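Here you get one chain, nothing else, as structure tokens; it is the form predicted alone.
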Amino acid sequence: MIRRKVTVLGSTGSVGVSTLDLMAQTQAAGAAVYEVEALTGGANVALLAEQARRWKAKVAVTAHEDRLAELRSALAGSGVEAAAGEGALAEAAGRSSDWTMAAIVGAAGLRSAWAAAGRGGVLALANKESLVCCGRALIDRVRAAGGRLIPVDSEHSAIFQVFDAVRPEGVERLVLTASGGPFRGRRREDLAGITPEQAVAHPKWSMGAKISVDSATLANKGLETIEAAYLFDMPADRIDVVVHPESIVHSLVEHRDGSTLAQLGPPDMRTPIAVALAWPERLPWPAPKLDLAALGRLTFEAPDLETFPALGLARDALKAGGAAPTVFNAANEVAALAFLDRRLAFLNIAAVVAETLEAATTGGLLTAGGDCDGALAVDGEARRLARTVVDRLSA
């Protein structure tokens, strides 16, 4: 039986909810026992309180300091401690746990992921931005604390499961798969009037709004390329992306002897979460089964970098090195949120990223960064540059 003392950072988001759902299923089936140390969330205080009561968490933290009284009221009589704000999030992340899910979306999750990385134990990383911004410094911090970082993105989980970590020199290439998002096959001129509602309507995955926009622009695959480079110590020219609309093959690892290994499964985030939650064991749960005969065929195609330039921009940032990936992430986040707020056209998301990277390069920003504080400083300046571009393009 699997036993884990668990912290979930971002428990009210889609990955956090899926994590707790999986925990409930496996505990009810007698396959695991969980003790919840801390849960953190955002504005959905009612759900956070409900989760904390259900799991008898030691502490529940909302990122919004002005919602603390509401959280305390919702937890009255439960014995669960309530806290709020950035400092409280980092404190919760640093509490003693065997296993921490880092699922706070965007750069907002960086400080708490950094705190969890320094504590030891397993860090299940769903917040790709933390790795994109801190790079190998985050991995080094996990290792120095005697912990283990396990990726939760379906693509990186797939690679993690088939990558030969004992003989990494035998790996020739990594291939990340992309669903293609809701606009696969469209021409660039067809995307001029795209609305936020259209962009978040993902054909395969149930995700938050910002991540769905990243999927629609292929920026998410750019972020995942950067993440894969750090996770598996692989240069950019040995990481490829292929569009696979069925979302059954989650990634592939090509070896020098010509063998290519792939991990397959239905598009359900609970599968990579289960891999991380049970590692190095396998967790029995009522997972959706793969019926290849019913699928009939699996298709693959090259990504359209002209229509979706964000992927190419991310690869350029990875090759540039230094703080360029941090700048890419910050600019993309500012642009995606501006699009969701209807202040920026869909096609201008990548334009904001390109102009911000150019301005950061000219201004010498790419040589900064490093640890958490350095990455956050770069992130802040890159956001300032990106907002300037958004203001100009939306005027």
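For clarity, every value in this text was computed on a predicted model and none was experimentally measured. Start at 1 and count along the sequence shown; that's the residue number.
The following text describes the form predicted in complex with a small molecule, which does not appear among the structures shown.
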Using a 4.5 Å heavy atom cut-off, which of 23-31, 36-44, 65-73, 353-361 contacts the small molecule in the predicted bound form? 36-44
Of these, Ala103, Val80, Ala93, Val253, which has a heavy atom no more than 4.5 Å from the small molecule in the predicted bound form? Ala103
Whether Gly10, Lys128 and Met207 all lie within 4.5 angstroms of the small molecule in the predicted bound form by heavy atom: yes
Is the gap between Leu261 and the small molecule in the predicted bound form 4.5 Å or less for some heavy atom pair? no
Does the small molecule get within 4.5 angstroms of any non-hydrogen atom of Ala375 in the predicted bound form? no
Leu89 versus the small molecule, in the predicted bound form: is there a non-hydrogen atom within 4.5 Å? yes
Is Ala108 close to the small molecule in the predicted bound form, meaning a heavy atom pair under 4.5 Å apart or at it? yes
